[in-house]
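Heads up, the chain below is alone and in the form predicted alone; it's given as C-alpha cells.
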C-alpha cells in the first residue's frame, strides 16, 4: 500500500505538533520558467532557495486497517544537515468552505542513524525517491516547486530518472491549530498564479 501524497519540504528546519495547510498543483516542464518568473515577482525572495533531498517512506503494519507511515528525509546537497523524521496525520474533514487541506504535521531533526532505528522498531521501507526543486517564501507561506525522481537501483541516489514530465507545486503554511484564516491568504495567493498553475485542495483519498 502506497502512502498518500505528501509535501516535500526541504530539510531546513522542523516544527513540532503543528497543522499543515496545503494547496497542490502541477506544471509541465516547458512552463516551469514562466512560473518561476511569476513567483520571483510575487514572493519575498526573488531568487529561490534550491534543494535536493532523498526521502524514504517507512510503514509499520499492526492491528489497524491502514499502516502507520513515517518519512525519513536527508539533504543531498547541504553537508552537515540532520536527517528529518516526518509524520503527517489524516486530513481533517472540517468545514467544507475551508480553502486548504488541513492535517497534523510533526517534523523533527534526528541523528544520521534514523533509518536503522526505524528498522529496529519494526518499520519496513516501502519506497524511496529523490526530489529536486525551488523554495519561495511569501510571509508565512512557503511555495515549493519540485520534480520527483525514481531511484532505479535501491539505495543508489546517483541512479535516478524523472518520474514525470511535470513539476509539482505546493503552497504550504505550518501554523498552530485553529488558524484557518491562513487558508484565505493562500487562496488569494493561488489566484495570482493562474492560469500558469491551478492550486487546489486535493483530498489524498481520491488518489488512492
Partner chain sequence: MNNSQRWCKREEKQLELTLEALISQVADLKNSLVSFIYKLENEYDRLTWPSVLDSFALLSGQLNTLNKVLKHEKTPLLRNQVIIPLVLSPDRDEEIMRQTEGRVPVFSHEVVPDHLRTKPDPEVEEQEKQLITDAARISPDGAQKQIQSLNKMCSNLLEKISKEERESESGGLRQNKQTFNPTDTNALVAAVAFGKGLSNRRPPGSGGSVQSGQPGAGAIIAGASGMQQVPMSSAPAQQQPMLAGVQMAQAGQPGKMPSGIKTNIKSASMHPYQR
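What you see is a predicted model; the values in this text were computed from it and never measured. Numbering follows the first chain given and starts at 1.
The form predicted in complex with the partner chain exists for this protein as well; it is not shown, and the discussion that follows is about that form.
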Review point. Are all three of 119, 153 and 166 close to the partner chain in the predicted complex, meaning a heavy atom of each within 4.5 Å?
Key: yes
Point to revise | Stretch in contact in the predicted complex with the partner chain, which is absent here, among 174-182, 156-164, 135-143, 42-50 (heavy atoms within 4.5 Å) | key: 156-164
**Study point:** is_contact(residue 78, the partner chain) in the predicted complex, heavy atom dist at most 4.5 Å
**Key:** no
Point to revise | Interface membership of residue 198, the partner chain in the predicted complex, 4.5 Å heavy atom rule | key: yes
Practice item. Determine whether any heavy atom of residue 125 comes within 4.5 Å of a heavy atom of the partner chain in the predicted complex, and answer yes or no. Key: yes
Review point. Are any of the heavy atoms in residue 98 no more than 4.5 Å from a heavy atom of the partner chain in the predicted complex?
Key: no
